[in-house]
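Next up: a single chain in structure tokens, the form predicted alone.
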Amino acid sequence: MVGYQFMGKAHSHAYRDLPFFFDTGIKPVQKAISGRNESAVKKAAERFGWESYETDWRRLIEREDIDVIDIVTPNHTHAEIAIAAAEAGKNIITEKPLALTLDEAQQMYEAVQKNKVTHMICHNYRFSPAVQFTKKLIDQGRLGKIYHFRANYLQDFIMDPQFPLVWRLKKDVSGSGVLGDIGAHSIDLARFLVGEFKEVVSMMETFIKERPVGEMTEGLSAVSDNSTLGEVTVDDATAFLARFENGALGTFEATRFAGGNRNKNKFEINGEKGSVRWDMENMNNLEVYFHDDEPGLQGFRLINCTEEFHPYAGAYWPAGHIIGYEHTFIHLVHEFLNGIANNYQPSPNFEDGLKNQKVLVAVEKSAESKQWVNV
């Protein structure tokens, strides 16, 4: 694993717990984790269950006892690490968005294709049982033709003007702000559930232009010395409309300035035969409406997706005994290792990451030109 903070913790937990719940045919062995700060990466290795650590990720690529490279570093490092790993024949999983730019994303995709390695991008929200069940309902035709996909991803953790200027707020490190960080998740869910994007029109805003220089610590927390101000070079909020290739309409909003919303990743899908609603803050629940219910009983029903009939849920506890955020990573890693064990390419993978990146670029171009842009 390259990196060791928020996502390093989430991915490490998934590798540790996976064999307890799922039989993939192969068992992950946490050989080594890397990071530039030796004392911090050593502490992470001990805490997260890694056998050893390195201070240079290139050593991981060189080691013959390592088959998988897991990239949980800031976005501007993804391409170099992934391409080197692919050329060394390593299987790769990386955090989102895939790359800093569309050109980098294309190079990463070509590298994994050329070297025939297994690859995934960590859009973990696909792997909530409720989201997987939504996909099943759509594929079965239970909602009929899809008319609308409506997504909001709302957070509030940087509303304080004194929140530090961390890497997520610097375009040369992150590529974009809220659009690439959390809007990318909504884009991936839309592609997974509804289909490919055709065109978009957007607007983007940066509400706080300068912040005290600082760095990320645990989770989404950060520290600064409050002595130096730096420029925020990414978007604080993005909203856009979309038209899908199948004719459906999409509305998207991503912001870190929605007070009271800690991690409200939600969507609603409306089709000719029914609708569904999902909210990550209540991830086990799915609201479902069918038009053909008899009059007087029509309305959204609440389904708790913890029964053996729901994807992945049967591996855990009896119905009604809910699972959490961390289990979405377990499910993604399960698919990744199954792909390695059984020689197939799971998804979402670098091809999905590349297609998502094309949407991100189109949204940014539209905000600049104030016009519709083809994806």
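Note that residue numbering begins at 1 and tracks the sequence as displayed. Model, not experiment: these values are computed from the prediction.
Beyond what is shown, the protein has a form predicted together with another copy of the chain; the following relates to that form.
**Student:** Would another copy of the chain in the model of the complex be within 4.5 angstroms of a non-hydrogen atom of every residue among E268, E294 and K370?
**Tutor:** Yes, the whole candidate spot contacts another copy of the chain.
**Student:** With another copy of the chain left out here, work out from 52 to 60, 33 to 41, 309 to 317, 332 to 340 which stretch has heavy atoms within 4.5 Å of it in the model of the complex.
**Tutor:** Residues of 309 to 317 come within 4.5 Å of the partner.
**Student:** Check A10 for me: does it contact another copy of the chain in the model of the complex (non-hydrogen atoms, 4.5 angstroms)?
**Tutor:** Taking the distances in the model of the complex, the answer for A10 is yes, it comes within 4.5 Å of another copy of the chain.
**Student:** T101 versus another copy of the chain, in the model of the complex: is there a non-hydrogen atom within 4.5 Å?
**Tutor:** The answer is no: T101 has no heavy atom within 4.5 Å of another copy of the chain.
**Student:** Taking another copy of the chain as it sits in the model of the complex, is Y289 in contact with it (heavy atom to heavy atom, 4.5 Å or less)?
**Tutor:** Close contact exists here: in the model of the complex, Y289 approaches another copy of the chain to within 4.5 Å, heavy atoms only.
**Student:** Taking heavy atoms and a 4.5 Å cut-off, does N261 contact another copy of the chain in the model of the complex?
**Tutor:** Because a heavy atom of N261 falls inside 4.5 Å of another copy of the chain in the model of the complex, the answer is yes.
**Student:** State the residue from Q106, Q113, N304, Q132 whose non-hydrogen atoms include one within 4.5 Å of another copy of the chain in the model of the complex.
**Tutor:** It is N304 that has a heavy atom within 4.5 Å of the partner.
**Student:** Please identify the residue among L193, V117, I83, A237 with any heavy atom within 4.5 Å of another copy of the chain in the model of the complex.
**Tutor:** Among L193, V117, I83, A237, a heavy atom within 4.5 Å of another copy of the chain in the model of the complex occurs only for A237.
**Student:** Could you list the residues in 233 to 250 that come within 4.5 Å of another copy of the chain in the model of the complex, counting only heavy atoms and keeping sequence order?
**Tutor:** If the 4.5 Å heavy-atom criterion is applied to another copy of the chain in the model of the complex, 233 to 250 yields A237, A239, F240, L241, A242, R243, G247, L249, G250.
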